[in-house]
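Next up: a single chain in structure tokens, the form predicted alone.
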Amino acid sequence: MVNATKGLFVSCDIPMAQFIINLNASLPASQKFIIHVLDNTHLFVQPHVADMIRNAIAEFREQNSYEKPTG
């Protein structure tokens, strides 16, 4: 018998994959969302976390953006 799991396929570069894996690791066991790490650049995650991942990435990028000093 075949078992199928509904999920979201994430393709990204290695640093972003590590960011998502660390985000998942920082959550309690009941909220972990990675179903399977396919390789260094591909993840299979629960479908309901797409917006949460996008928001976390946007916040991370905002914190790490360079702003030219004024003055």
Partner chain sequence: MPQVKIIARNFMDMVAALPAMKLDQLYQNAFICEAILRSLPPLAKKYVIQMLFIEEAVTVKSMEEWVLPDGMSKHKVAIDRLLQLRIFSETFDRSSGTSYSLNPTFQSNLQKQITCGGVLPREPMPLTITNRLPSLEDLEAYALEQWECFLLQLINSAQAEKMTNISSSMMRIFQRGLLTQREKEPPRLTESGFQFLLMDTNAQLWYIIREYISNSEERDVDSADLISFLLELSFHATGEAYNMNTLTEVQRNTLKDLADLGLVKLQQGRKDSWFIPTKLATNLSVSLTDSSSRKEGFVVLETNFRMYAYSTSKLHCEILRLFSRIEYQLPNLIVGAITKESLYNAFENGITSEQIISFLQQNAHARVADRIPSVPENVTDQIRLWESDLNRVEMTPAHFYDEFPSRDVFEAACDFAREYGGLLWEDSKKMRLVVKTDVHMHMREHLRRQRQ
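Positions refer to the first chain, counted from 1. Computed from a prediction, not measured in an experiment: that's the story for all the values here.
Not on display, but discussed next: the form predicted in complex with the partner chain.
Quick one: does M16 come within 4.5 Å of the partner chain in the predicted bound form, counting heavy atoms only?
The answer is yes: M16 has a heavy atom within 4.5 Å of the partner chain.
Is N22 near the partner chain? Define near as a heavy atom within 4.5 Å, in the predicted bound form.
Looking in the predicted bound form, residue contacts with the partner chain do not include N22, since no heavy atom lies within 4.5 Å.
So in the predicted bound form, does L38 come within 4.5 Å of the partner chain, heavy atom to heavy atom?
Output for L38 is yes: heavy atoms within 4.5 Å of the partner chain.
Does C12 reach the partner chain in the predicted bound form, with heavy atoms at most 4.5 Å apart?
Contact check for C12: yes, within 4.5 Å of the partner chain in the predicted bound form.
Stretch 1-17 - residues with a heavy atom within 4.5 Å of the partner chain in the predicted bound form
Residues within 4.5 Å: M1, V2, N3, A4, T5, K6, G7, L8, F9, V10, S11, C12, D13, P15, M16.
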